[in-house]
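A single chain, nothing else alongside it, follows as structure tokens in the form predicted alone.
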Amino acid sequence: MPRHLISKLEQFTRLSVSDKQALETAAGEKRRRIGPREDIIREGDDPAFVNLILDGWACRYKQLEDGRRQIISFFLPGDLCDTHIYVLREMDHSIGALTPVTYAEISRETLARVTAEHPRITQALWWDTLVAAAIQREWTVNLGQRTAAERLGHLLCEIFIRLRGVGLTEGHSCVLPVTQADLGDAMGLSNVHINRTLQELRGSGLIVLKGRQLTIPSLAALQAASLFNPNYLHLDRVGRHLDANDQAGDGTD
């Protein structure tokens, strides 16, 4: 079940039982599982499907001719790898797995049917597309203006809040399964610089990192130190203000 996608979209609006069933059917048509460092789709390929990350972490990246890689965004469980990517004839970037990944391939015909029959899903998917564009803008600001510590702290705040929105945090902690090299490729920093910056954040008591487990003792403190304003994630819509009884009792559009 695409429960993480449903949780994500319900941060924007309430989905009915039929909306959820439509998403479950779409995500169940064709599923694949790949290992870490394998590509879901490569630059130059024909994007015939919209890919939905069901489990695991992936990234959007560009690779230069000499092998250098720039990670442009992280895909977490519940993320769609571009809702309208099939409009393009050729991929201009690659999407690769950072961990073992299970994903659903959703055809353009299926997506067109779902959006035609479920206007609330359509609105939520447009919200998701706009949030993805806002995240990309914020990453540009990160690379251009923030210091290394602000840059990395900002990314950790974003990841934690995104994971919390789909139920993948426990208290102040979440899994952080990426390597320092992955963080460096996302932040435009060398491995040495990333290691030094992580030590700086640890030494300041802003994060605790043990293996693949990230703990943020005070999210407010890390946000302040990283100049992080969550407004670009646009989490102030209907879905965040519904009580549990209202959500459970709604079965119509």
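In case it trips you up, residue 1 is the first one in the sequence shown, and so on. Computed from a predicted structure; not experimentally measured.
Unshown form predicted in complex with a further copy of the same chain; subsequent notes refer to it.
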I'd like to know whether Trp139 contacts a further copy of the same chain in the model of the complex, with contact meaning heavy atoms within 4.5 angstroms. yes
If you check in the model of the complex, is Ala221 within 4.5 Å of a further copy of the same chain, heavy atoms only? no
Quick check on Glu43: any heavy atom within 4.5 Å of a further copy of the same chain in the model of the complex? yes
Determine whether any heavy atom of Arg14 comes within 4.5 Å of a heavy atom of a further copy of the same chain in the model of the complex, and answer yes or no. no
Looking in the model of the complex, is a further copy of the same chain within 4.5 angstroms of a heavy atom from every one of Arg68, Arg146 and Asn229? yes
Listed residue that, although a further copy of the same chain is not shown, lies within 4.5 Å of it in the model of the complex (heavy atoms), from Arg113, His93, Arg164, Arg120: His93
Which of 171-179, 97-105, 128-136, 156-164 has heavy atoms within 4.5 Å of a further copy of the same chain in the model of the complex? 128-136
